[in-house]
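Okay, here we've got a single chain as structure tokens, the form predicted on its own, with questions on binding and movement later.
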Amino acid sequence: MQFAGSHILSISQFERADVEQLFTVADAMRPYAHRERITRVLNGAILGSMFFEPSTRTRISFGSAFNLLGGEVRETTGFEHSAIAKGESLYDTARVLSGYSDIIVMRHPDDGSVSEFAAASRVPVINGGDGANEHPSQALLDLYTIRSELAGRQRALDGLRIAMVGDLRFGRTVHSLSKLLSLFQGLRISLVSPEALSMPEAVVETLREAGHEVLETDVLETGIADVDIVYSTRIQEERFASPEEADLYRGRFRLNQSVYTANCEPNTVIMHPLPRDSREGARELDIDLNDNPNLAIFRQSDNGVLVRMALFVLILDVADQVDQHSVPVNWYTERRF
């Protein structure tokens, strides 16, 4: 893939070499993300951050990544704060806002909406999540996290054993991650969900056609045994017809310390795209896992900044200039990573 000037709309754009290139650049962003140095390589550049669906981590992570590179962020959050509420089309919105920005990140509740927007945009667009369809940057940071966690155990991505648990039908993060995993070799993938929330058949077939072993089950204990990674997801209640329908499945696959100890290998890594639902009756990842050193959810969210910084410098074609525009940090920066 040619990163410079490209839209990032789908994981389908990526080949394995592209992923490896992105991860190498993400590794190089670590001193800046950790506030060990400052770079102003994107001084004067503007990110248009357009989030028409609720977001905390993705929106702020993208904005922080751009700021850490020296750029400025201009935000729109929610339909009610945009001209779309007045009937403006995505085409007109794209034509206008791309005149104000050097790159745009967009989240929208409708499948395919970001691609429609990008077709009219005059600058590169990154898909921050479109309905139940895809979330490419989340999949990339998830895989980066898996790579980092496995490296500490002297393991590689080829041969990975992973369980994906929960709402696999509406969870766009697992759709994109599955497509990304199809680029690697010899994987064993357990898909753990109620039948009504099972992974879309097209995604399952993509994994099988890539030569991976895929197990589909509705039994949590079976699905999470003998894996390197347990990737849990919340019930995507915003995709259901009513909260009552979502309640039928909430809390069905609850992972806590006792379930983990009884069924997982001692070093099994626990991941979640966040937010995890901590309300009583849900708790797909219980708070009693917070002290488990294999709980990687906060390392995972930290990695989002690294990967999104890498996307920005590659798309804006300044990856080889980051260090040239750097200086030491002059404030107190001790962090507990």
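If you're wondering where the values come from, they're calculated on a predicted model, not measured in any experiment. The first residue of the sequence shown is number 1, and the count goes up from there.
Keep in mind that the form predicted in complex with a small molecule is not shown, yet the notes after this line are about it.
Quiz item: Applying a 4.5 Å heavy atom distance criterion, does P275 contact the small molecule in the predicted complex?
Solution: Yes, P275 sits close enough to the small molecule in the predicted complex that at least one of its heavy atoms falls within 4.5 Å.
Quiz item: R57 near the small molecule in the predicted complex, any heavy atom under 4.5 Å?
Solution: Yes, R57 is a contact residue.
Exercise. May I ask you to state whether R107 is within 4.5 Å of the small molecule in the predicted complex, using heavy atom distances?
Key: R107: yes, in contact with the small molecule in the predicted complex.
Quiz item: Can any non-hydrogen atom of Q138 be found within 4.5 angstroms of the small molecule in the predicted complex?
Solution: Q138: contacts the small molecule in the predicted complex.
Exercise. Spot the stretch among 288-296, 33-41, 49-57, 66-74 with residues whose non-hydrogen atoms come within 4.5 Å of the small molecule in the predicted complex.
Key: In short, 49-57.
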